[in-house]
Structures are given as structure tokens and as C-alpha cells.
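Next up is one chain by itself, shown in C-alpha cells, the form predicted alone.
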């Protein structure tokens, strides 16, 4: 009895934590399908008596949520994919190729890049973006997002690549593969679990980023969803139902992508395991 109770306490604590985390989202979700502010005020935490899905249509069309949504989506995905591509090649070079002391020197420089706060780079990034004449374009976000994600991505991928047995490369060399072939046909498939993990982290960071998007983009058609949501709040500050619908649009894609890629992590670990 005492052992069962002891085992059950962590589960109860985790369920309580889950309720605390999900409660605000459920409040927003229920509010997004209520008729108006009065319905929210009379029953703020309950299930709505009448489901009004037109709030999502109004938010998507009239508040330009669709434009902000697709801007954020393609910028976040493109930046995450390119950063993983560049970081994986660098990680392969410093972990699997014998370059003497250069491997440690280059990897140390990457670690130094992790020590610099992002806010301290705001002014240098703005200066570079302005000199490149890409201010008020999506490239003003894509390039900094890629550069900011590369150090973290390299560290994660390098740690994973170091754990791979060297016999795999030796067998590939015997089969006639050179460095590009080993990287593309051997290392990349085995590194899929780590790549999926860093993709999730980088995507979430790019999707939620506000500071650079707010200062570098002045054209309303180019803005991302976090910046657009601020204007949405100002425009619809008296219509909390449509505001809640806009919040659901900003949260739901992240939840869906994370749930899908979380399964891919397990599949990648199983497929990339090495039998002894």
C-alpha cells in the first residue's frame, strides 16, 4: 500500500502540473468560440452554450492573420532547415574528419558564440542588415535567424555524431565512399533524431521571435504572426472572442508540428540504432 502510494504521488503531481499548464489554453480555446464579450464575462471558464466558429473566419480574413501566419511559417521553416544543413556539415567536419588542432579551435569558436547574448547583437545585426540593403524584407529575419541557431545546432549535432561508432565510416570507405558520400548517405540518416530535435527548438524560437521582426519589418504585408498579434490586439481590443481565435491560430500550428515531430524522434532513434 505504501509503495503504491509512493509511486502514485509523482503521477498526481504531473497531472496537477498538466492541468495548470493547459488551463489557460482551454480558457482561450473556449473564449474563441463564444459569441461576444458578454458571453465570456458571464461564463469565463465554462464550455460555451453556443459555438461561434465565425470568430476564426473574421480573425483569419479581416485581421490579416492568414498573411502573418504564412509569413511566420515559411520564414521559420526555411531558417530552421538551412541552419541544420550548415550546422550538420560543420559538425561532421569537426567530429568525423581529422584536421588536427583546427577541430578544437573551430569548435571553441562556436562555443564562444553561445556566450554572447542575443540582445547585445541587436545593433550590429541592424547595421549589417542595413548595409546589405535587405531591411524591410524577409531576408532581414532569415539570415539572423540562421546565424543565431547555428551555434546551438552545431553543439547538439556534434555531440550526437561523436557517439556514432567509427566502424560505420570504415565500412563506407571500403565500399568506395568519400567524405561527401559518407556524410549524405551514412551520417545524415543516423543523425535524424538529433536533427529533428534541433529543428523543433529552432522552429519554436523563430516562430515566437518578436524583437527583430518588430524592428526590421515595417511593411504590414511582410510582418510575422507575433508582431501581427500585437496590432490585432490594438485593433480588436474590445472583441476578446476574436482575439482568442487569433491566439489559437498562433499556438495550434506549433502544437501540431511538435506532436508530429515528437513521434519522428522515436522512429529516428529506432532506425538509427547500431546493433552490437
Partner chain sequence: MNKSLRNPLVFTLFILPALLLFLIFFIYPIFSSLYYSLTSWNGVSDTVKFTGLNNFEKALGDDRFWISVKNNGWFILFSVFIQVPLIVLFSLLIANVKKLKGLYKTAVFMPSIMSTAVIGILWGFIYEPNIGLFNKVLGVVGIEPVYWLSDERFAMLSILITNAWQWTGFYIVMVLAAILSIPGELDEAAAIDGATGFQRATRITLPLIVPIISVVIMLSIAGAMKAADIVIVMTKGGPAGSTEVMATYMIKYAITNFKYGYGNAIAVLIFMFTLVVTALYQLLFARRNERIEY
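Small disclaimer: the values here were computed from a predicted structure and weren't measured. Positions refer to the first chain, counted from 1.
Just so it is clear, the following notes concern the form predicted in complex with its partner chain, a form of the same protein that is not shown.
J.: Would you mind picking out the stretch of 157 to 165, 72 to 80, 105 to 113, 191 to 199 that comes within 4.5 angstroms of its partner chain in the predicted bound form, counting non-hydrogen atoms?
T.: Heavy atoms within 4.5 Å of its partner chain in the predicted bound form occur in 105 to 113.
J.: Counting only non-hydrogen atoms and a 4.5 angstroms cut-off, does residue 62 reach its partner chain in the predicted bound form?
T.: No, residue 62 sits far enough from its partner chain in the predicted bound form that none of its heavy atoms falls within 4.5 Å.
J.: Do residue 33 and its partner chain come within 4.5 Å of each other in the predicted bound form, heavy atoms counted?
T.: Although its partner chain is absent here, residue 33 would stay clear of it in the predicted bound form, with no heavy atoms inside 4.5 Å.
J.: Would you check, heavy atoms only and a 4.5 Å threshold, whether residue 53 touches its partner chain in the predicted bound form?
T.: Close contact is absent here: in the predicted bound form, residue 53 is far from its partner chain, nothing within 4.5 Å, heavy atoms only.
J.: Is there a non-hydrogen atom of residue 222 within 4.5 angstroms of a non-hydrogen atom of its partner chain in the predicted bound form?
T.: Looking in the predicted bound form, residue contacts with its partner chain do not include residue 222, since no heavy atom lies within 4.5 Å.
J.: Would you give me the residues of 41 to 56 that have any heavy atom within 4.5 Å of its partner chain in the predicted bound form, in order from first to last?
T.: In sequence order, 41, 44, 45 come within 4.5 Å of the partner.
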